[in-house]
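Only one chain is included here, represented as structure tokens and corresponding to the form predicted on its own.
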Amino acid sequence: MTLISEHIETDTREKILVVAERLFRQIGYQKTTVADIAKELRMSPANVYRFFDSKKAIHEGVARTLMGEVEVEAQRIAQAAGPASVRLRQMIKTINRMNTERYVGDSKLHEMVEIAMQEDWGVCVAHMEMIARTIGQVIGQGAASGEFEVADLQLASLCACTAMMRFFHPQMIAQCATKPGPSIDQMIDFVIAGLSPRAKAN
């Protein structure tokens, strides 16, 4: 395959995902058909199936794009300068904000994510693992500078992610929005306190 044809193939895949996301937002994942996507692109359903072997594969591609945007922003914060605690707070709040904007405020996209979670797609698992690694990256930087005290970095990052689950998981964000509980800043304070060096007894 030549570079030009590879570029055309990639471009077509991206166009399919863009149109699919728009239709999922407008009419919902369940109601959107591959024929609807093909019609919008003025191509045949058979041509769409050349790039994605099923509607589920298109759905996974859309989910991967949305989750990838969150991962890119988390990585940008992880690689920035400044105290680890400040960047950890910014990262957690950014993940919460992006997931809230994408999935909770948009009932059609929320439906899409619900299905993804129910089917336990690999793309969701990979996303959660990536977020845990990125949080671990910042915790590791804080440990190296003496800002944090961490005996087991992997365990610390998993504990931080688990503690923030109601602020990360789209369904939990929606379900817990009107329920009593700590604010996101209070929960981040709790996580950072758990990571901070303990005062040594005399």
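Small disclaimer: the values here were computed from a predicted structure and weren't measured. Residue indices: 1-based, along the sequence shown.
Beyond the structure shown, there is the form predicted together with another copy of the chain, which is absent from this document and is the topic of what follows.
**Q** Considering another copy of the chain in the predicted bound form, find the one stretch among 40 to 48, 62 to 70, 169 to 177, 26 to 34 with heavy atoms no farther than 4.5 Å from it.
**A** Looking at the other structure, the answer is 169 to 177.
**Q** Determine whether any heavy atom of residue 10 comes within 4.5 Å of a heavy atom of another copy of the chain in the predicted bound form, and answer yes or no.
**A** Close contact is absent here: in the predicted bound form, residue 10 is far from another copy of the chain, nothing within 4.5 Å, heavy atoms only.
**Q** Indicate whether residue 160 is a 4.5 Å heavy atom neighbour of another copy of the chain in the predicted bound form.
**A** Output for residue 160 is yes: heavy atoms within 4.5 Å of another copy of the chain.
**Q** Is residue 187 near another copy of the chain? Define near as a heavy atom within 4.5 Å, in the predicted bound form.
**A** Answer yes; at least one heavy atom of residue 187 falls within 4.5 Å of another copy of the chain in the predicted bound form.
**Q** Hey, in the predicted bound form, does residue 117 get a heavy atom within 4.5 angstroms of another copy of the chain?
**A** Contact with another copy of the chain, yes.
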